[in-house]
Each structure stands twice: as structure tokens, then as C-alpha cells.
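This document opens with one chain alone, in C-alpha cells, the form predicted on its own.
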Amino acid sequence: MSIEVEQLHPLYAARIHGVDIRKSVSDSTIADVQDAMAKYAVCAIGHDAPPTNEQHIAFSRSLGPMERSTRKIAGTEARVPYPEIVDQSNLDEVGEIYADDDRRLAYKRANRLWHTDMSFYDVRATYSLLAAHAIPPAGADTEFVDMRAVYDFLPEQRKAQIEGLVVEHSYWHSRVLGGGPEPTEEERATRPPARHAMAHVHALSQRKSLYLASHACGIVGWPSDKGRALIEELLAFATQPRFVYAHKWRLGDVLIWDNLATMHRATEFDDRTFRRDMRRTTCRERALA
């Protein structure tokens, strides 16, 4: 069965029809999904019920090498016991809504900053796949920007200025920027910073793209204030309404985005009243030993 693609934004983003990731998916369908991702960068696949953790992982594995992580906030346990799945919910290890003073809630709220998953690693994230298991009655959209489209609209003088610049990305920079507490030394050691080009050629589409967001803490070789000023200027340009797509979640949606072409953020909802159970898998540029 060939897929059908419904474009959701004038510049990018689409809903894919004709795919159910809970079932075995053919190689040709996977290739069609990857082609759609190369064009649209953000693609939603709907289901009448969310996939199981095992189904989610199996489909993700067909898209590339997967991230497996045992990292956690100090003194906590995992709610979803699969190293391939990042728990993006507001729920603790027994499924209750986080207490106000839970460090994890503060760190999760930092996801409301514009970011690119795992840019703080040397081996970057490619696809992220976020599955909706429970959604609040209002709010909690996920917003995106296609950074290839942003680059296309940059003035030529600015494109020339950023060519060759290298940006340092730090997980803990964005967590604290978003209002989270300073990490412990043990936590900080789990995620040292990484450096990446500010602009790169997106391999699947061969389009030039910016690569920065809230993890970006400075420009290598530049004074701190000057580097931050340019990063903030570019982020302000990128997040103009004309570039933003807001995904309104449906229960059972699996949303796939390309971290090498986009940035995204969670939006606010009453996270002390309503459950939001979202589970993410992430593919990386290459397998790690």
C-alpha cells in the first residue's frame, strides 16, 4: 500500500496516511516515509490507540541506529523501563503527576524552550518519534520550525557571516535557562557539551540548514556576550510566526521529526492537574559501540 501525504504548513510538515506502525511495515513503505521526511521534516502518523513500547521501538529501529540511555535524574527511577524510550511525561515512576518540588518537573518545563534533541552529543540525533499515550484537554501542542526554510530566508550577508562558525551545545545550559536547578556534578558529567557547525548541508534533502536552539550556549572563538547575541538574533528570526507549525495532538499520534532540519518546543498546559503521557524514541547519525 502506498502512503498518502497531507501537507500541514505552507513550508513543511505533513500527516501521513496509510501506515500503522503497530504492524509489520514493509521496506518500501519505510522508504516512502523517509522520502516524506526528507521533504517535510515533520510527519504525523495517526492511530486509534497508541503503539506499545515494543511496537514503537521496532518501528523506530527501521529508521536508523537508536539511542539507548540509562541516564536519569539523581535519586529517581524510570517509569518506562526501556532504555530506548525517553519518558516525556509529567508523571513519576508510579504514574502520578509530579509534585511541585520534583526536579524532573522543572527540567521537563525547559522543553518549552526551542531546542533540537541531543545536539549536546557529538553523534547527533536524526529522527525523533514521539507517541501520544495520554493528552490533556487543552494546550500542550508541540511547535516546530524548519531550519532549512529559515536559512533560505536569511539575508545573504548573514549567510556569509555564519559560514564556518561552530557552536557549543550544552544540555545543562538549556535546563537551567528554562528555570531548572543547577545540576549535580554527577548529573553534569553524564552530558558534557558538544560542538557543531552553525549551518550545515542537510544530507537527505541537500538543503542548507541552521543547527542551533536552546542548547546552544556560545560560538567557539567568540566572546560569550557576542556569541549569545548572534544566537539569540537568529533564534528570534527563526521563530517568526510564518515559520512555525503547531502540532495539535490526537491520542495515538506518532509524530516524527528530523532534528538535523528542525527545532521544536513543548507549549504550556496545566501540568499540575492534567496527565500528559508522551514517549520518545530517538535515532542517531551512527551506531555507538
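This structure is a prediction, so every number in the text was calculated from the model and none was measured. When you see a residue number, it is the position in the sequence shown, counting from 1.
What comes next is about the form predicted in complex with a small molecule, which does not appear here.
Novice: Check each of 170, 142, 205, 209 and return the one that places a heavy atom within 4.5 angstroms of the small molecule in the predicted bound form.
Specialist: Contact check passes for 142.
Novice: Of these, 266, 21, 13, 16, which has a heavy atom no more than 4.5 Å from the small molecule in the predicted bound form?
Specialist: Contact residue from the list: 266.
Novice: Report yes if all three of 88, 257 and 276 come within 4.5 Å of the small molecule in the predicted bound form by some heavy atom, otherwise no.
Specialist: The answer is yes; 88, 257 and 276 each reach the small molecule.
Novice: So which stretch, 257-265, 36-44, 222-230, 54-62, is the one near the small molecule in the predicted bound form (non-hydrogen atoms, 4.5 Å)?
Specialist: Looking at the partner contacts, the answer comes out as 257-265.
Novice: Would residue 130 count as a contact of the small molecule in the predicted bound form, using a 4.5 angstroms cut-off between non-hydrogen atoms?
Specialist: Looking in the predicted bound form, residue contacts with the small molecule include residue 130, since a heavy atom lies within 4.5 Å.
Novice: Residue-level contact is defined here as any heavy atom of the residue lying within 4.5 Å of the small molecule in the predicted bound form; does residue 115 satisfy this criterion?
Specialist: Answer yes; at least one heavy atom of residue 115 falls within 4.5 Å of the small molecule in the predicted bound form.
Novice: Applying a 4.5 Å heavy atom distance criterion, does residue 9 contact the small molecule in the predicted bound form?
Specialist: Looking in the predicted bound form, residue contacts with the small molecule do not include residue 9, since no heavy atom lies within 4.5 Å.
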